[in-house]
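Take a look at this one chain, the form predicted on its own, written out in C-alpha cells.
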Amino acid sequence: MPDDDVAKALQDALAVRFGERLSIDPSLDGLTELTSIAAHRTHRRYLPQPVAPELVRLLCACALSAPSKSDLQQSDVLVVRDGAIRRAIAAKIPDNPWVGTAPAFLVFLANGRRQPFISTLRGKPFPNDHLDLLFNAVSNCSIVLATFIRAAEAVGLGCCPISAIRDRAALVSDLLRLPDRVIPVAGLCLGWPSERGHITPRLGLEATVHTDHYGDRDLAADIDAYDRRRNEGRPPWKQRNPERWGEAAFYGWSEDKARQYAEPLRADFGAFVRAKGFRLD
C-alpha cells in the first residue's frame, strides 16, 4: 500500500477512535505497524479452528520479551488446556461465555514470588515486602498482556481480555494451583476471528493527554461530547439495571459506567491478595 494510503488508513482509524483527524507524515517509518495498533479490535467470536500450541508458545515468548521493571521479570503466562478447568472458570463468569468456547484460553499472572525466593537463595535480606512488590508485578503482567495481544494480532489472531476472572480470584487461584504471591490479573481468549469486529471509540485526547500539568477543567464537557460521539456509531447494547435506575432518555458510556460501578465489585479482592502473601502497606 502506498505511503499516502497507509497514512490515510491510520488517520481514519484514529478519527473513529478519538473523533480527531491527526496530522500524519506519510514518510514516517512504521506507519503500517501504527495503523495496526490504532485499528485494534476485540474479538469474542472465533472460527472452529485450533491455535497450534507451538504458535501459542511463540506468542508467549514474544510477550515475555516486553520491558520489565529493573529486569525483575515478575509475570508468567499460564495456558489452560484442561477442559474441566476451563469449564469451571467459565461457569463462574457466565457473562463471558467465550471463556469456554474460544479455541485457546490463557491466564496472565503477576508473580511476586520469585524475587523473595532469589533473595533467600542468595542469602540476602528482602526488606521490600510491601505494596511495591504487588504494584511492580501487576504492572509487569499488564505490559506482557498488552504485548501478547499485539503479537497475536500481528499473525491474524483475535483476542478478548477477561478481567472478570478477578471476580472469582480465589477459585481461579485454586483451580490453577497458584502458589503464594502469584495472582491472576486477567484471562485472555484467543482464536482466529470469525468476523472483523469494530474499532471502539475512546475518550478524546483532550481529556487524556496532558502537557506539563494535569488538567481536567472541562472534564464534564469532554465526557458529554464523547458520550454523544460514541452513541452515533456504537451505542451501548442495553441499559444496566433499569429496575433500580429507570430507563434513561439518553444512555451514554458515562451513564453505563456509573451504573456498573454503583454496584459493589471485588470487595474481597484485597483480602484475597493478602491471603496470597502480599502485604499492602
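Numbering starts at 1 and follows the sequence shown. What you are looking at is a predicted structure, and each value in this text was computed from that prediction instead of being measured.
Same protein, other form: the form predicted together with a further copy of the same chain, not shown, and the subject of what follows.
Using a 4.5 angstroms threshold between heavy atoms, residue 190 stays clear of a further copy of the same chain in the predicted complex. The closest non-hydrogen atom of residue 243 lies beyond 4.5 Å of a further copy of the same chain in the predicted complex. In the predicted complex, none of the heavy atoms of residue 231 sits within 4.5 Å of a heavy atom of a further copy of the same chain. Shown alone here, residue 130 lies within 4.5 Å of a further copy of the same chain in the predicted complex, counting heavy atoms only. The candidate spot formed by 98, 198 and 277 lies out of contact with a further copy of the same chain in the predicted complex, as no residue has a heavy atom within 4.5 Å of it. Proximity to a further copy of the same chain in the predicted complex, defined as a heavy atom within 4.5 Å, holds among 93, 88, 170, 143 only for 143. Residues are counted as partner-facing when one of their heavy atoms sits within 4.5 Å of a further copy of the same chain in the predicted complex; in 66-83 these are 66, 67, 68, 69, 70, 71, 72, 73, 75, 76, 77, 78, 79, 80, 81, 82, in sequence order.
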